[in-house]
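We begin with a single chain expressed as structure tokens, specifically the form predicted alone.
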């Protein structure tokens, strides 16, 4: 694989051991995927943040990197942690878990990574431009920025995204190349969609059908940020989809329409979405209601507050980023939700928090991604539109 003189210096340790280790990882990855060279990347988003997933081994790795003097060269943000960094006691998180989690965050901060702790960095100002090369982990964010924003990234892991942040480089392969962004199947949606929940169900269904291919989706007539966020999360969960195109909506769809001839066409019929939701109907009426996977937007928190105007939210936990939380706090939205008995937490979500250790057994959610992962963790799960979980009203 071709390396520039600067990249050779990085690999040879002339810029420190931490940079050499990061470059060595990227070169090895590039050789596996037969990349001809490395490219410069503009930003990184790093997963592997929750102490629940990292454990002591992951924590030791991050602290070692920080001790070696690792420092990011480009903007780098963090995925959710395993707890609200300030209100963890209220969540029921143990002091032992909290100590490990705070050490993880401190290690990242020492390396210059922004402790955003969100899976939706594009909602708080980390929004890559179309065509830009980036190195992002977090499957839902990868699908969103590749598809909706038109940026270019592979589905990175936490270590490779961190390595790219330290070096400002990534191997040139996969979805970074134009030819690999071409669609490989056509999905024809033959049922109307009216809510985020419908888009989540559609994404989950397409992910199962598409696997790791690139779907070209027809039949949608516009969608909000929240609806596309739900679709991106679900499509990356049930399958390995990191990029999709929606006819007349996403930025590369028109250009990619030249490559549709001869592709398999898969219809999505009216009863298909309901069948997907029926798979997750186990939790009872006393289940904790969780929203915010991916993290709630300001509009979604406003919707929660509106639905709680005439009913109790004592079983509700909503998860969001600090950036969105601050706006919602200024507008009185957080106060409205918590006065109704609900809780609004930052930095974490129901998927990466230690729910079983906190005594949870049943969860109700409007997120297909959350339902999928919580079920795999042994929790009993119900998935339904937010208006049904909270009672009444209309969901966007």
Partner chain sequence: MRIRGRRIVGGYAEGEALVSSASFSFYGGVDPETGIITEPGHPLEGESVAGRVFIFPHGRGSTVGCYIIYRMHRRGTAPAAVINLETETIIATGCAMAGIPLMDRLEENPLRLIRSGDYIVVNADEGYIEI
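Numbering follows the first chain given and starts at 1. All values derive from a computational prediction rather than experimental measurement.
As for the form predicted together with the partner chain, it is not shown, yet the points below apply to it.
S.K.: State the residue from 15, 384, 379, 25 whose non-hydrogen atoms include one within 4.5 Å of the partner chain in the model of the complex.
M.R.: The residue from 15, 384, 379, 25 that makes the contact is 25.
S.K.: If you check 54, 334, 66, 340 against the partner chain in the model of the complex, which one has a heavy atom within 4.5 Å?
M.R.: Here the answer is residue option 54.
S.K.: Does any heavy atom of residue 312 come within 4.5 Å of a heavy atom of the partner chain in the model of the complex?
M.R.: Because no heavy atom of residue 312 falls inside 4.5 Å of the partner chain in the model of the complex, the answer is no.
S.K.: Any of the heavy atoms of residue 354 lying within 4.5 Å of the partner chain in the model of the complex?
M.R.: Judged by the heavy-atom cut-off of 4.5 Å, residue 354 is well away from the partner chain in the model of the complex.
S.K.: Given that the partner chain is not shown alongside this chain, does residue 195 nevertheless sit within 4.5 Å of it in the model of the complex, heavy atom to heavy atom?
M.R.: No, no contact at 4.5 Å.
S.K.: Wondering, does residue 160 line up within 4.5 Å of the partner chain in the model of the complex on heavy atoms?
M.R.: Contact with the partner chain, yes.
S.K.: Only one of these stretches, 37-45, 341-349, 364-372, 54-62, has heavy atoms within 4.5 Å of the partner chain in the model of the complex; which one is it?
M.R.: Heavy-atom contact with the partner occurs in 54-62.
S.K.: Heavy atom within 4.5 Å of the partner chain in the model of the complex: which residues of 27-46 qualify?
M.R.: If the 4.5 Å heavy-atom criterion is applied to the partner chain in the model of the complex, 27-46 yields 28, 29, 31, 32, 33, 34.
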